[in-house]
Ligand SMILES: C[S@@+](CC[C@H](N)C(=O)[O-])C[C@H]1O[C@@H](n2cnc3c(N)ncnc32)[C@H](O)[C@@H]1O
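In the form predicted on its own, a lone chain appears below as structure tokens.
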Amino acid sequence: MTSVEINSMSEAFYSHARLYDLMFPGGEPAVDFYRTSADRQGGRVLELGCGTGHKLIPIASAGHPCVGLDFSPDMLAEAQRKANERGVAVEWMQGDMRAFDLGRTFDFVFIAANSLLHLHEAEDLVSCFRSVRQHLAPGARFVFDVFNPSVRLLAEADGVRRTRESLAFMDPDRGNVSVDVAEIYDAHAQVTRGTWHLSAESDPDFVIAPLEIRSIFPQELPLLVSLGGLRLVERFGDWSGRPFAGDTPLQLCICESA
């Protein structure tokens, strides 16, 4: 399967931007971390895989010139609507994080919420990091977060459809919405291949969408970053700045040009 096909499959999941925000509300520790990091760096900010602007709009609200790039036009349209609603100016751009040229540099670049894991091939990850490096101003920082893979959880991805109680939400148009997910882990590709089902009482399975997410294991991560011309400066295990360890949920990575 090519990366273009993978992006097309992911796009089906992200074509429901309003529902995505209802399913994944909150995330304030992450928002606070990225906003504080942008304030510390100062200057221009670029978010890759910006989605509906959940993290970038608060950063722009603090006065930073911001650009948000995303593959999904539906997510960008919702981001524009939300920014307009809040009276915040952000430059939203459709593009591919694997290869982009914005013709300018930034003081802070970030990829949040596992968005990097839509890139399944090592060469795509390296290409993304090289594109990021080309857009880093002197002294700039590049920050991203990906989950820390759990072998136990990956082994439990057996293809059985299960309800995710924590993701249930209220849709103003449909009422209570339940979320079921069936996943299989492809160990060779390091990709979890899932199918997500959204159901309302009167409208079962009104959304059925594939979502495929790569795992990046702790030992390979610094190598991929290095191949992209970057240097891993620090790696935290959660939003409080706890040192990364085998049992921490996140790989929160602070990088700079090598």
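Numbers follow the displayed sequence, beginning with 1. Quick caveat, the model's predicted, so the values are computed rather than measured.
If you look for the form predicted in complex with the ligand, you will not find it shown, but the lines that follow are about it.
In the model of the complex, no heavy atom of residue 45 sits within 4.5 Å of the ligand.
Of the heavy atoms in residue 64, none are within 4.5 Å of the ligand in the model of the complex. Although the partner is absent here, residue 228 sits far enough away that none of its heavy atoms falls within 4.5 Å of the ligand in the model of the complex. The ligand is not shown here, and in the model of the complex it never comes within 4.5 Å of any heavy atom of residue 131. With the partner omitted here, the residue from 167, 113, 154, 102 that has a non-hydrogen atom within 4.5 angstroms of the ligand in the model of the complex is 113. In terms of contact with the ligand in the model of the complex, the residue from 136, 125, 75, 146 that brings a heavy atom within 4.5 Å is 75.
Taken together, the three residues 20, 54 and 97 all come within 4.5 Å of the ligand in the model of the complex, as judged by their closest heavy atom. Just one listed stretch, out of 179-187, 83-91, 157-165, 113-121, contacts the ligand in the model of the complex at the 4.5 Å heavy atom level, and that stretch is 113-121.
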